[in-house]
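Presented as structure tokens, the chain that follows is alone, the form predicted alone.
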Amino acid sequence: MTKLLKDGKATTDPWTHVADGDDLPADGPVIVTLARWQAEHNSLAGRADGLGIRLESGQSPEAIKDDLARFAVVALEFPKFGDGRAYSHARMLKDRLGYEGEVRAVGDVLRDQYRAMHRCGFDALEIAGDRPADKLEADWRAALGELRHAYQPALRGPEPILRQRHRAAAA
């Protein structure tokens, strides 16, 4: 069972992931793959309900940069714990491409990654398992509060230590 943690709150997910070759539901928001978007661009672009896209870890958001305004959700896959390309893609979406919709982590999403995902711009996480909603929310709060300092600049979170030092030295 997959649960959605959005902005630190467990919530009901109205979106349906639709696999390539499966029929689209008549109504309701859907998330399709890049391959399906490219093959059915014209019919999907006219869909009245919400439209989202799912990118595999090797698929850059650059592939959809001209269509980003059409998507309310961009789901970035984490195929395994050691594959961090989706972190870079989240930063690219928010910083460079100016995407303002929801960036969602899907796949092998682990509690140890919550803080880094938040700092890189993820708004929502799809989490597999039967962990109760209140425990997921507690995990989220704990993950964001574990470390007060950061070494790397990010979209969200504390100012990096080096910048703090430079600012203090200049004062």
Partner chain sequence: MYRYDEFDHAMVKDRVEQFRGQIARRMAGDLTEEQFRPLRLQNGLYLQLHAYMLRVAIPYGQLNAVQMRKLAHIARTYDKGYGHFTTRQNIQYNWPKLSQVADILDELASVEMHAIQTSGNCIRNTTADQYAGVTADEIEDPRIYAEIIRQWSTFHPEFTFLPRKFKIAVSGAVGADRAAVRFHDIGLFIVKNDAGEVGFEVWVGGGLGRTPMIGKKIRGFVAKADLLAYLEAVLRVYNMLGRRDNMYKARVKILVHETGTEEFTRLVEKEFEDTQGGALDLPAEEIDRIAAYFQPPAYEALSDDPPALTARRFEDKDFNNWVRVNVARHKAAGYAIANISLKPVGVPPGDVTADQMDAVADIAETFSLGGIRVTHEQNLVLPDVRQDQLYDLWLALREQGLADANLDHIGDIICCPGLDYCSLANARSIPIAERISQRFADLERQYDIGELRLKISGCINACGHHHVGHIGILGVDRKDQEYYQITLGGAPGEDAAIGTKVGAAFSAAEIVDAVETVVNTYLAIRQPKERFIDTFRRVGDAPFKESLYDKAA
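Predicted model, so just to flag it, every value in this text is computed and none were measured. Residue numbers count along the first chain shown, from 1.
As for the form predicted in complex with the partner chain, it is not shown, yet the points below apply to it.
Taking the partner from elsewhere, G101 is found to have every heavy atom lying beyond 4.5 Å of the partner chain in the predicted bound form. Although the partner is absent here, V32 is not a contact residue: none of its heavy atoms lies within 4.5 angstroms of the partner chain in the predicted bound form. The closest heavy atom approach of K94 to the partner chain in the predicted bound form falls outside 4.5 Å. Though the partner is left out of this view, Q152 does reach within 4.5 Å of the partner chain in the predicted bound form, counting heavy atoms only. In summary, the region of this chain contacting the partner chain in the predicted bound form, judged by heavy atoms within 4.5 Å and restricted to 37-45, 24-32, 66-74, 114-122, corresponds to 114-122. Exactly one listed residue, out of E137, E56, E62, D49, brings a non-hydrogen atom to within 4.5 Å of the partner chain in the predicted bound form: E62. Contacts between stretch 79-93 and the partner chain, counted in the predicted bound form as any heavy atom lying within 4.5 Å, involve F81, G82, D83, G84, R85, Y87, S88, H89, R91, M92, listed in sequence order.
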